[in-house]
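First, one chain by itself: the form predicted on its own, in structure tokens.
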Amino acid sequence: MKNQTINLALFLFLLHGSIFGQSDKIIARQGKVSFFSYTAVENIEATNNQVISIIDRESGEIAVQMLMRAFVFKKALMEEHFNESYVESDTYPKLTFSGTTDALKGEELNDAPIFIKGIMDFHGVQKPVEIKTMVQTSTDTFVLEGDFNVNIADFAITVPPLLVPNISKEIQVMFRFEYAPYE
């Protein structure tokens, strides 16, 4: 609970600075996060296009927040099982990440990999993570894109023994955030 409060406080701090015109803060209002689970029995994939992220380029702080119920699946039954049986979206409605990197302070980041260290708060578990990210910049946008793997046991997600063959123990997560100055 303490880390959830810290994540929320960081997110609000970064948002507050953006609202009051801090030019060093950028925001992605419709970031995309998707995941993929591959097993011999079935593939499971979903996408969330309503992820918000804020970066303070001066301090190198980054915050990400997404609602778990915003993931869209190809099959409605998969979506129901995801929300009710695995991530328990009513009890744990969102995932947050707060982290830092010194690499965001640089001017020449195009196509450069950077590492962002932080705390992921998911399913009631706060876990330190380090995420490799590619950076693309242009005059109007700043893009972070990458992928990483999540071991579902690390976040206390249990799979009923009957369904173990259907769900991968390690889920591939892909993300893309297009940032723009907050105006």
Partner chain sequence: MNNKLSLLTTLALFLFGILGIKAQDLLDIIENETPDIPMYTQATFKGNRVVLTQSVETRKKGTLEFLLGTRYWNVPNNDDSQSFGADRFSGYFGMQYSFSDRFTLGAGVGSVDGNFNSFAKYRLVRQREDKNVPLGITLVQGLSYFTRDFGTFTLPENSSDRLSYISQVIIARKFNKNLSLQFSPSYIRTGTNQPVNDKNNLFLLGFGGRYKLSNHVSLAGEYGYLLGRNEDEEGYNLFGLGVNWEVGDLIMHFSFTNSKSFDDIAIYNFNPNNFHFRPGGLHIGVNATYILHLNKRKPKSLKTMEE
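Residue numbers count along the first chain shown, from 1. All values derive from a computational prediction rather than experimental measurement.
Although it is not shown, the form predicted in complex with its partner chain is what the next lines describe.
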Its partner chain is absent from this chain, but in the predicted bound form, do Lys117, Val129 and Val143 each have a non-hydrogen atom within 4.5 Å of it?
no
Using a 4.5 Å heavy atom cut-off, state whether Thr47 contacts its partner chain in the predicted bound form.
yes
Heavy atoms within 4.5 Å of its partner chain in the predicted bound form: does Tyr38 have any?
yes
Considering only heavy atoms, tell me if Val150 and its partner chain come within 4.5 Å of each other in the predicted bound form.
no
Could you tell me if Thr101 has a non-hydrogen atom within 4.5 Å of its partner chain in the predicted bound form?
no
When its partner chain is considered in the predicted bound form, the residues of 140-170 having a heavy atom within 4.5 Å of it are Pro160, Leu162, Leu163
